[in-house]
Ligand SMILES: Cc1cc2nc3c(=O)[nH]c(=O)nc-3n(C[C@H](O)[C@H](O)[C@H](O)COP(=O)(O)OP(=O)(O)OC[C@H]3O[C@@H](n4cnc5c(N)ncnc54)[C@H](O)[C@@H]3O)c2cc1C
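Only one chain is given next, in structure tokens, and it is the form predicted on its own.
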Amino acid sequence: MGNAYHVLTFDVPEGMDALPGQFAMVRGAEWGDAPLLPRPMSYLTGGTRPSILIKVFGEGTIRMARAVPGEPFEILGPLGNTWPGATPGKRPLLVAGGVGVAPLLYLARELHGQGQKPIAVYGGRSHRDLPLNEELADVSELYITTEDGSRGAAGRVTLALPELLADDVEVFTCGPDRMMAAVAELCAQRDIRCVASLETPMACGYGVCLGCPVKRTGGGYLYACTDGPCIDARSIDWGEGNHAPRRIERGER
């Protein structure tokens, strides 16, 4: 997948009962004091060989990308809730941006194993920003968009959605905030169910630090780690500045 994206697979003999949509707090056991905090990462797979997808961005993901076989890691998980079950009679439409593909690919694989073939729309800045697109194509009816037109349709994922949104679909999305906000708005206009997987900075992952507040529609806050990460998009206030202090995509921490 090039130098920017990496899949890390861990040996966990006792297994991890992680389901699609859940996440883990991950940190190298030999990192010392820096970086101090673990990184929240969506599960790509669970079981005895759980895996995550990362994008090299900062010190933590650089060290993850340079990890050698046998290097010990501390993994706290599974955390958070899962993608909700599909509604009978509805076809899942998965909308992914960048590393947001990880929990959606996990979901697509589970649906495929149940005999369903979801629709998937996957977008990136260029063809280099579509990690695991071939794996997603194996288990879905895949549409690809790139902002520079180097792969698939030219433009953002939302340009491909209007013709795919119909009364018999429901949407599951994960990616940058602006993308998910646009997806949620399109779904709201057509009264289509949309579930978003939130990605915010967090320190603990289980509700103690209260560092992952997300503005709730009508006032108050949701917390991405305990109320989410998978939340009905209608419950989220997608206004500017909702995720403070700065948007960091899961896999880029």
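Fair warning: this is a prediction, and the values are worked out from it, not measured in the lab. Throughout, we count residues from 1 along the sequence that is shown.
Omitted from view is the form predicted together with this ligand, to which the following refers.
Each of Ser42, Ile54 and Gly60 is positioned with at least one heavy atom within 4.5 Å of this ligand in the predicted complex. Residue contact check for Leu198: one or more of its heavy atoms lie within 4.5 Å of this ligand in the predicted complex.
Within this chain, Ala102 lines the site of this ligand in the predicted complex, having a heavy atom no more than 4.5 Å away.
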